[in-house]
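Quick heads-up: it's one chain on its own, the form predicted on its own, in structure tokens.
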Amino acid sequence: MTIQLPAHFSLHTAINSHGWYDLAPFSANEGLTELKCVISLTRKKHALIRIREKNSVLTIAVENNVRLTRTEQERIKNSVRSMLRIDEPLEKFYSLCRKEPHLRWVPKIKAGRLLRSQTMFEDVVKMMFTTNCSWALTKIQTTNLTKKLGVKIADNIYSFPPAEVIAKKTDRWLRKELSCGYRAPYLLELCRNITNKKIELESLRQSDLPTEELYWKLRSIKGIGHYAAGNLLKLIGRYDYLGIDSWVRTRFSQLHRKNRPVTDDSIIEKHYDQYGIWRGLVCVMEVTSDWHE
């Protein structure tokens, strides 16, 4: 399968936008120029795909032994378009970056697209797993979740389990088997609420609601605080919130305060207010700038 790419798209910078490529069921090659992931079509049918870019064309190769209908092929292509944010309009953001000398590198390397998962549910769970812990523990939790509750696709490759599968487990089982600690009851409640149709997440990506309303919808999920909600909004395409954590504070102090510690997040908020609705994306570009060097 192939997708014709817009002129301002780069697979490498989309993969390298944040750490999602390093969390199962994603994986990437050493140079971050190829992305593998599992696309779930039904509870039992999954496609392991490898994504490459060449001459403004994205190539999607299916690597496991699964027969796909034309409809399923289109679903895979649409999922890839969504995950890589291919259709997201960034022209106004690039225009803003070109006016700022320290941001002119962003449009030059076609950065700004933040990789997201196949589903909003997967993004919410992974964001929950990044809260108040190291990246190593985030990886352990995500790997355990896919390996123990997902469907095996190939050696060490498993699908991301749906909410109804997780909802059948107990708090104790999740703590022990996933190593997710205090997050276990939050994950369990989220999955049971989705299964019982008390929460609907997938429509949020296409929602016309004001950003503040979307923010509070996300905050209403136990385990999703200010940091997590702000970063989930970025994966929806809303950049009004910064999603500040200890790593952002450290990078901000390096970039703007000569390594003096930041003790008040309002200092960071005030700095990025000048960028309006793009403040969150500008913040991401600044704190990850050394990744792209």
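Residues carry their position along the shown sequence, with the first being 1. Just so it is clear, the model here is predicted, and its values are computed rather than measured.
Keep in mind the form predicted together with the DNA is missing from the figure; the text below concerns it.
Proximity of Ala228 to the DNA in the predicted bound form: non-hydrogen atoms within 4.5 Å are present. Although the partner is absent here, Glu63 sits far enough away that none of its heavy atoms falls within 4.5 Å of the DNA in the predicted bound form. Within this chain, Arg175 lines the site of the DNA in the predicted bound form, having a heavy atom no more than 4.5 Å away. The DNA in the predicted bound form comes within 4.5 Å of no heavy atom belonging to Ile199. A single residue from the set Ser179, Thr211, Ser207, Asn78 has any heavy atom within 4.5 angstroms of the DNA in the predicted bound form; that residue is Ser179. Residue in contact with the DNA in the predicted bound form (any heavy atom within 4.5 Å), chosen from Asn132, Asn193, Ser82, Gln73: Asn132. No member of the trio Leu58, Lys126 and Ile153 reaches the DNA in the predicted bound form with any non-hydrogen atom inside 4.5 Å. Only one of 162-170, 132-140, 102-110, 87-95 places residue heavy atoms within 4.5 angstroms of the DNA in the predicted bound form, namely 132-140. For the stretch 217-253, the set of residues having any non-hydrogen atom within 4.5 angstroms of the DNA in the predicted bound form comprises Arg219, Ile221, Lys222, Gly223, Ile224, Gly225, His226, Tyr227, Ala228, Asp245, Ser246, Arg249, in sequence order.
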